Ligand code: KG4
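The chain below stands alone, shown as structure tokens; this is the form predicted on its own.
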């Protein structure tokens, strides 16, 4: 089933074609440079850019794949969570393609797509845990199958990716700054006592990262020499940053990842699973990838982490999950609604069974 996937939940416009569980072609338009000027994503600009680039991206996708538009048999689109205006642009485009081709439309939960696309490269074994780490979300799930997913815990305030980016901003690194924190952290030495492991003195599986941001802010207030006077040349970042700053980034990364590991370990004491999927934009972080690789070995479970290209927002994950659900006979009508961040996404598929 040749499935078109459309992703416009935030500031990346991603389209892909998937057939038989394999990627036929994909294209992606990033808005990172545009929003870097403002130090964060501007929703109005993001939605306008999606509207501007979608038609051209579809033409490019078809050209790369060698397919004709009439070959598309299913249209899958991110319905949420995300920025409402951006979601609406993608949803409107998907409905137009679906209606024009007279093929089924299926809305996709962006968070589930991040986790389950790992199966494209590595065979998942259910039941397993799913740890979603991104700029907007930090969620822990029990994955029983591709369509049986239970939320175990979530962030109560900032997501882990937001914590990375905001600390990067504190030291005057460019947006998005998480990648630069990671680069410095790999050259640093961890001081396990420098920052607290956030929100672990409890019995739940939720997360909170606001406190550790305050701890970093207080540390920098007493060590202002670690703050760049202006945005550094990122090509020379490791050369320009003092060792003390690299150590701070390593210690900060350690504290964040340790808090994730503690909550995951806590869930393993309560559940029997075969492994853990770690996915989302922050799963590109080299510190986190190594930590969970070691963690899974220590707990004698499997660990699946998608390749970095599949961790960031992309159309492949939407098309891939869309094909799986479509082959199960699930679909939506054209009255499918976008669901912004903060609202639960209903399982409201129409079944052919």
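Numbering follows the first chain given and starts at 1. Quick caveat: nothing in here was measured; it's all calculated off a predicted structure.
The protein also exists as the form predicted in complex with this ligand; that form is not presented, and the subsequent description refers to it.
Specify the contacting stretch among 174-182, 148-156, 97-105, 224-232, defined as having any heavy atom within 4.5 Å of this ligand in the model of the complex.
Contact criterion met by 174-182 only.
Which residue among 281, 80, 198, 90 has a heavy atom within 4.5 angstroms of this ligand in the model of the complex?
Of the candidates 281, 80, 198, 90, 281 is the one lying within 4.5 Å of this ligand in the model of the complex.
Considering non-hydrogen atoms and a 4.5 Å limit, which listed residue (323, 26, 313, 49) is close to this ligand in the model of the complex?
That would be 313.
Please check if residue 109 has a heavy atom lying within 4.5 Å of any heavy atom of this ligand in the model of the complex.
The answer is no: residue 109 has no heavy atom within 4.5 Å of this ligand.
Though only this chain appears here, would residue 164 touch this ligand in the model of the complex if you measure heavy atom gaps against 4.5 Å?
Flag for residue 164 set to yes.
Is this ligand in the model of the complex near all of 130, 263 and 296, within 4.5 Å of a heavy atom of each?
No.
Mind listing which residues of 126-141 have a heavy atom within 4.5 Å of this ligand in the model of the complex?
Contacts from 126-141: 134, 135, 136.
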